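Before any questions on binding or motion, here is one chain by itself as structure tokens, the form predicted on its own.
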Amino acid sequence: MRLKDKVAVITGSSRGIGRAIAEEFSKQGAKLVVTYNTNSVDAGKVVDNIISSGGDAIAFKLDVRDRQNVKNIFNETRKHFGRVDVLVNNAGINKRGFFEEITDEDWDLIMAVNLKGPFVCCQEVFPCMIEQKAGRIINIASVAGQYHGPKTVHYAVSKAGLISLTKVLSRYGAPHNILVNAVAPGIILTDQTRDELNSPAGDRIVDMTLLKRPGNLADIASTTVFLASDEQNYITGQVISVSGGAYLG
């Protein structure tokens, strides 16, 4: 129970990496706020699974681009649980395309969700954590933001920006015992990536790693639990690359 009674808000946690983080947090004793953008059914399943396993969770619809929506989520979390100990900024989108193929609309959407969204969430949760004199913020970045593309230029830039935001906010959080870090996943096997990774193109992607295999959801979830837990109280402004050696920073 490494997160016993901590209250965690995890954006984009109805599926994929966000769901894995939410479920692992619950196993470790955290109380969860699961958020979704469009898929209320999957979010409901996550909450039901957590509750049936003896945990505590609620779900809210959230568009991270909408500041009032974000404000409401944190207000409702405090009404229900009394506090916010951990924010995991996981919500994000990608749209594959090379540099010359990216439209203004593509660029604006990726930046709004992947970079502005976490900025707004951090800005709105900071007063709560300052009042508590403690908090943990964990941004889910990407190895693409560390080795800078080359495909999905806008996605790579948005994640590089998120890494920079992490480091800047660690300066603001430090006087208030708010630790801000990032996890940068590499090639992770999920329902969304399984077909690609099992294809001939997938072999070339996996070959980019030193370990010559993809990671799994548990690799990301366990790293995030560590950063959220009281096992460490001296790590802030850092990026942990969970990439099997695809990036050596």
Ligand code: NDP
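Residue positions are given as counts along the sequence shown, with the first one as 1. None of the values given here were measured: they were computed from a predicted structure.
Although it is not shown, the form predicted together with this ligand is what the next lines describe.
For the residues Asn216, Asn39, Asn49, Ser222, the 4.5 Å heavy atom test against this ligand in the model of the complex is passed only by Asn39. Residue contact with this ligand in the model of the complex: Val168 places no heavy atom within 4.5 Å of it. A residue is said to contact a partner when one of its heavy atoms sits within 4.5 Å of a partner heavy atom; Ile93 meets this definition for this ligand in the model of the complex. Proximity of Thr190 to this ligand in the model of the complex: non-hydrogen atoms within 4.5 Å are present.
This ligand in the model of the complex comes within 4.5 Å of no heavy atom belonging to Ala228. Contact with this ligand in the model of the complex, defined as any heavy atom within 4.5 Å, is confined among 99 to 107, 74 to 82, 135 to 143, 169 to 177 to 135 to 143. By the 4.5 Å heavy atom rule, the three marked residues Gly149, Gly161 and Tyr247 all fail to count as contacting this ligand in the model of the complex. Taking this ligand as positioned in the model of the complex, the only residue of 97 to 127 that brings a heavy atom within 4.5 Å of it is Val113.
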